[in-house]
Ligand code: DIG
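Below sits a lone chain in structure tokens, taken as the form predicted alone.
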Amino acid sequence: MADAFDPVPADQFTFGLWTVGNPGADPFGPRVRPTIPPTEIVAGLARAGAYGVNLHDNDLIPFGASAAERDRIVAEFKQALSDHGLVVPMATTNLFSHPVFRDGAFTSSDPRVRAFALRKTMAAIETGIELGAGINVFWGGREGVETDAARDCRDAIKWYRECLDFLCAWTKEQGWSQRFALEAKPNEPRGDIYLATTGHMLHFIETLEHSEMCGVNPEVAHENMPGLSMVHAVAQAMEADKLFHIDLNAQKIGRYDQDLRFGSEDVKGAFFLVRLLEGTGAYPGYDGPRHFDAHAYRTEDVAGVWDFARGCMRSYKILAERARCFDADAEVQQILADNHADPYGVAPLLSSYSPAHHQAILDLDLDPETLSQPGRRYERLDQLAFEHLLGVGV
């Protein structure tokens, strides 16, 4: 029976071909599910209520396909999108599977490999544009090392910058309005991956020639693997107006990259993330697609894959409703208002330097013993978040 949490295209939920198409293989065993053709994935996502589908170039077009084969596949895929009313908001390039990228793509020590990576990426961008994608994600899966004897990190960062500057300039020359979203990850499959966190990426972007074209694509699992906060990473990206895309999934801290169903781990973290994205607090929300970069358990058959997809979307909508209730709670609002109160007019003095502000701060009565007395009621605030999350008393 349908309810308010069933997904609809207006929710802007998207999945990658590689997510629902994951056949359940892992390093210890082969695939357990049949391959689902891309056109069938489009049909299944439409039935599930999704808005769109994203792809790596080789999710759709086999590596080394002829131009004629490529054109036929793209035409069939475009027809499926039209038939089922789905869009392609984002495209990306597989720069990690083929052995040519075993020592990186944009950071390979061999300039010929870097040139090949550029050529492959330009072709992928062209395919994405043909399918309507306005965003290109860059995940540097092999951009790293097992030993720092291999190269100086500064060389790798320079080569990475050169390739992105080249792609930005080429894209602008074509007259395309593309946005590039850089995706960080600390490790796996390399021992260490360059630009390991969203914070690393945000700094790196500011060194690019066309930084206005570039933002980030944070992923829950990639931030949580080393125990970092996805909420803080996304908030920093939003504050910098650089959240161009997002990958939603779930992850146990300290494990390999699990890509679990969204909301299936760290439910409170997922709650605060959705609250941030939906803008139910004081700031505007995120207006882009909500992309699920996850896959079904290896235990599942094809029917279980669609249970997984629906579960991701329903979990997001449930969490969004819980976030709205939390932020509408009068007690929550009062606690936050009390903590942010400025009865002495101090905040404006901190907003910018001037000699007058400097003197006014020196003249303030700021007794640390007095200032340390009030409690902040964060225990109560967190308990309220927990109770709203579980639907208690609502």
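Sequential numbering from 1, following the sequence displayed. As the structure is a prediction and not an experimental result, all values here were calculated from the model.
Keep in mind the form predicted together with the ligand is missing from the figure; the text below concerns it.
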Only hit among Phe116, Tyr297, Phe96, Phe204 for heavy atom within 4.5 Å of the ligand in the predicted complex is Phe96
Contact residue in the predicted complex, chosen from Ala233, Leu195, Val137, Ala323 - any heavy atom within 4.5 Å of the ligand:
Val137
Using a 4.5 angstroms cut-off on non-hydrogen atoms, would Arg70 count as touching the ligand in the predicted complex?
no
Distance check, Ser315 to the ligand in the predicted complex, heavy atom within 4.5 Å:
no
Going by a heavy atom distance of 4.5 Å, is Asp293 a contact of the ligand in the predicted complex?
yes
Indicate whether the ligand has at least one heavy atom within 4.5 Å of a heavy atom of Thr107 in the predicted complex.
no
Candidate stretches 214-222, 154-162, 233-241, 195-203 - the one whose heavy atoms come within 4.5 Å of the ligand in the predicted complex
214-222
Residues within 4.5 Å of the ligand in the predicted complex, restricted to 16-37 and counted by heavy atom
Trp18
